[in-house]
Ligand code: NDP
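Before any questions on how it binds or moves, here is one chain, the form predicted on its own, in structure tokens.
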């Protein structure tokens, strides 16, 4: 029986986790469900899955939920401090790390320190503080199992821990594949949110449109699999059927293939090293074409920038991530243009001159705060 805590229970990965769990009700016990402020949806999930506790990181929303909710035997927690305390008191658990953005770092680190296995869908945690997360996981015995479809694919291909020559991350190309920078000058928020293959939250969907999502995944792959950057490639694969590939030292390449549906990587992480059955349609291979292209680095700067930032290491990835989160939020709020997202991010990275190796969480939090303040000032300048 798996004891499970879900961080980000009401987000897209959290809802996908619920879909998977409905098919395997005899294999798990929910310890806790955590969201930011979606009290109504969290209450519905609690009534269905009967956790020991639920928590909202937004303290005011948590207090409101506690006043309004009467779920027998379920404790309601308000704010991150109460949630972290409950996690530290929990029995050995697996933790779905699916909180959005940098906000997932602190609770994920707390779960790592408890020695819990982390089923990680929050790539920003590894981008901003991968060195710290890996060091603490080594100390506590925590295992980090990726849930992102690309990293899950790599994880599955590397299951035998054989030496590899190259990891190839696939990328759909997003809604603007084939467009020029001139074409992108007047795209709207609604345009950018129309991903051709995946249904995701707004932040990750915009990251997919700029290709920053793939840049973050490049850094995450370096952290998760110990791959040097010259062994990490990205290829555009518009059909999103091949989720990533590993080329081994004998020239053989393994690919993980399947429908673009997050249920599979979520379930792989939950069940590993076993595989559970899952109700999914079979792929029809008749008349199916799979195509591949080189990314357009001239139009989409995020990939090249992320590689440079990853090579720089230290606090630089945390700064880039912070700037990107602020710039994407500004775009979604119609404060800056689509091309303005990367203008802000690139400018923040250029201005950061205090890059050092990551030794503790306080450094990462300070770098994140600096990146957000600097990005916000640039957003105001663009308005």
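Residue numbers count along the first chain shown, from 1. What you see is a predicted model, and the numbers here were worked out from it, not measured in a lab.
As for the form predicted in complex with this ligand, it is not shown, yet the points below apply to it.
Trainee: Is it the case in the model of the complex that 8, 100 and 200 each bring at least one heavy atom within 4.5 Å of this ligand?
Mentor: Yes, the whole candidate spot contacts this ligand.
Trainee: Quick one: from 337, 52, 37, 347, grab the residue that has a heavy atom within 4.5 Å of this ligand in the model of the complex.
Mentor: Only one option qualifies, and that one is 37.
Trainee: Report the stretch among 179 to 187, 121 to 129, 71 to 79, 267 to 275 that approaches this ligand in the model of the complex to within 4.5 Å, counting heavy atoms only.
Mentor: Result for this chain: 121 to 129.
Trainee: In the model of the complex, does residue 13 have a heavy atom within 4.5 Å of this ligand?
Mentor: Within the cut-off, so yes.
Trainee: Contact between residue 262 and this ligand in the model of the complex at 4.5 Å, heavy atoms?
Mentor: Heavy-atom contact with this ligand at 4.5 Å: present for residue 262.
Trainee: Using the partner position in the model of the complex, report whether residue 218 sits within 4.5 Å of this ligand, counting heavy atoms only.
Mentor: No, no contact at 4.5 Å.
Trainee: Against this ligand in the model of the complex, would residue 204 count as a contact residue? Criterion: heavy atoms within 4.5 Å.
Mentor: Residue 204 belongs to the contact set for this ligand.
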